[in-house]
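Alright, here's a single protein chain in two forms, structure 1 and structure 2, each given by itself as structure tokens.
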Structure 1
């Protein structure tokens, strides 16, 4: 269970590429987090071309550092300007901005940084302790169970909080459908390649996802005011809190860490809902609930304490089962797959050193985030002055370079552009980008397990229903659907009352 300490060669972490990846990822993550409109997903997508030339270890550490630091980075603009840098920092605005307006932006940032750091370590601890046992358990499962687990991951994306359920389901099937393009691994038949040899290996995950998230964001920027430059007072941003103040927020941080880790493990939830759940819970049990929204430090700590724990929690199903629960992790999966590494239970068995590097890389990225936040926050606040019209061409360039560098095929660049336009339209019409992207990432796994299961049973679908673990997973799926319908009805009733 403690192999990640006893049997890990820590020299891996001292390799120059890994150290550089950690530092660059942390700085870049904090930057994209601080800039409103850019998220960890876009940040990881923009870094993809850099990862192709790095070793898998260094590239995954860099991605993990981006993911971790962007969660804190998002709180910088939320606190200083009242504009959340990432969806996970939306709830931080309530108390963070209020405390900032009272003249204590440094204190607000301090509460955010210390709770983020605590939650980051909490998530990493959960990752270290739960991934191994879960992967070991997953190795005992067979194809029907793994297929159903993949389906459960997709269903949870559908059931959790998209606007139009039918359109989310369609997005899900479209993602799976795009995943079938290329050579069929079972029979070698070309599927939907229309004679194009470049499509033989399928659509490059990196091209599709980077176009999907980064280019659609650029088009979204075009619809707004690209000239907005936020001139802000960057003085008084030294973030620090005393030991007494930290002790006051500690219980909230622990609860936030638990909520964040659980939200990370459940596919489809992520940082945004985690910080809202945590905020609501903290308010419900607080001794002064009326002060929430007026600059209560525990309000800040509850949100920031949960969204950083999501990073570690989200990596648990990814490393143990191969299921990326959030779009950011789906992009990370793309970086690994390009290097020929398939995340999942086999990875733990065949390449434990890589998995342990993720653990420790994430651990040190929390430290890097703390040091950067502690000493350079005012510098990142200045980045908020960067106008949209300068950012936009940079994002387009990096996205398309990333799509090209992946395999050196021009078709990938055109696919990235097409994906960006499609995502922009889908978003406007309430189709689910996340369902599409996650199902595309899971398409191979789901088809592979589905067809293998049917081969085992000679075409009899009963194999998905007559095994003990399958029955358990079906019960979990049924419960998820029940909760989802119940929540939908609640929302409808609340809407009618309003």
Structure 2
């Protein structure tokens, strides 16, 4: 069980190419994650030509470092500018940007960095110790269970409604509707494409979410004070938290690590749903749920404490069974296959040194991410000292470039612009932007798994109730509803007392 310690030659990690790949991957991953519109998948894809010239060990370590660092890097722009650098950082905006606007961007970045580091180590530990059992458990989950997991996410998003539950529900259905745009994967019918061939593959997630959060912020700047700066005291830019502050978020990080690891193991989920699930779960059980969305450190830790754990969790089925659970890992698989290595059950027998190198390469990439984040993140945070008229063109440029490079279609630029206008209107009318974003992220998963389930049962909905894991998920949904109602009653009683 501990062969990765007892029978591994650590000299593999000291090879110059491996060390260079680890450092370069960590720096590049953090930069890719911090730039709005890019992602770990794009970063790994850009590095594919480089991997052809490297040994397999150096290649996989470099890509694993990109994956790990980009998960934290996405929170930098989410906290500094209110723009999620990656889909996994969307939920980080809720409390991270709120705490930043209160004058504590360095503190918010510190919570993000420390919880990301904890989650990274948590995911690596799961990868090392639980590859076999957890991969086997994930394979036992079929379409009905995955559909119910998606529905659990939709039910939890209602608790994110800040003011009006009905407006939250409308926002949720609007996000689902937008998520259905494209060619029906089952029938081939065009849905809401209006004859445009570029919409056949649906709305690009990066284009919509970057425009939704970034350009709406630009419009808010246009209607406010263009010379206002968010931070004026440079002492608040230091990326650090105390031991006591870390102890306060530690339970949230543990729960987030568990959720992130499971979401990484289950194909099709990944960092975005993991961060939302962790956030809503943390809010449901928190002693001060009303402070979520207003700069609560536990809200930041719940998101960042889950999406980094997805990296280790996602590598579990990849290394043991050859199943890439996320697009980023699919790119990593392509890099290995080009060099004649097929991930799967035989990989552990034929090339255990490569598997163990992935373990330890990912472990040291967490350390590299922490050191880079600890001593360079404050440079990103200083962007907050720029007034609005300086930030606006930068935000617009990064958003539109990020929207375009995803697929190279100009229509994605227009989608980003339209999403920004829609988000600005929703914000002014008190509709829930967060509910729209989560439902859009989950739309494909829910529709695909629901229809596949009914095909398996020949239209009988009993399939969602007669399976052991389905029953377990229903119990979790019932518990979530109970806790949510209990917290809402507490808030109403507090309001009546006031």
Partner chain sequence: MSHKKLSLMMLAAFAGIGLAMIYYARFFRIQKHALFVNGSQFFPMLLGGMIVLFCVVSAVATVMRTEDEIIVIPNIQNILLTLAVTLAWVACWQYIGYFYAFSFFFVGFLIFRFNPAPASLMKLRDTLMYDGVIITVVYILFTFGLKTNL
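So that the term is clear: the rigid core is the largest set of C-alpha atoms that superpose within 1.5 Å between two forms. Residue numbers count along the first chain shown, from 1. Since we're looking at a predicted model, the values are computed, not measured.
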Tell me which of the two, 1 or 2, is the form predicted together with its partner chain. 1
After the core is overlaid between structure 1 and structure 2, has the C-alpha of residue 59 moved by 2 angstroms or more? no
Tell me, please, whether between structure 1 and structure 2 the C-alpha of residue 26 is shifted by 2 Å or more, with the rigid core used for superposition. no
Post core alignment: residue 315 C-alpha displaced by 2 Å or more between structure 1 and structure 2: no
In Å, how large is the C-alpha displacement of residue 184 between structure 1 and structure 2 after the rigid core is aligned? 29.1
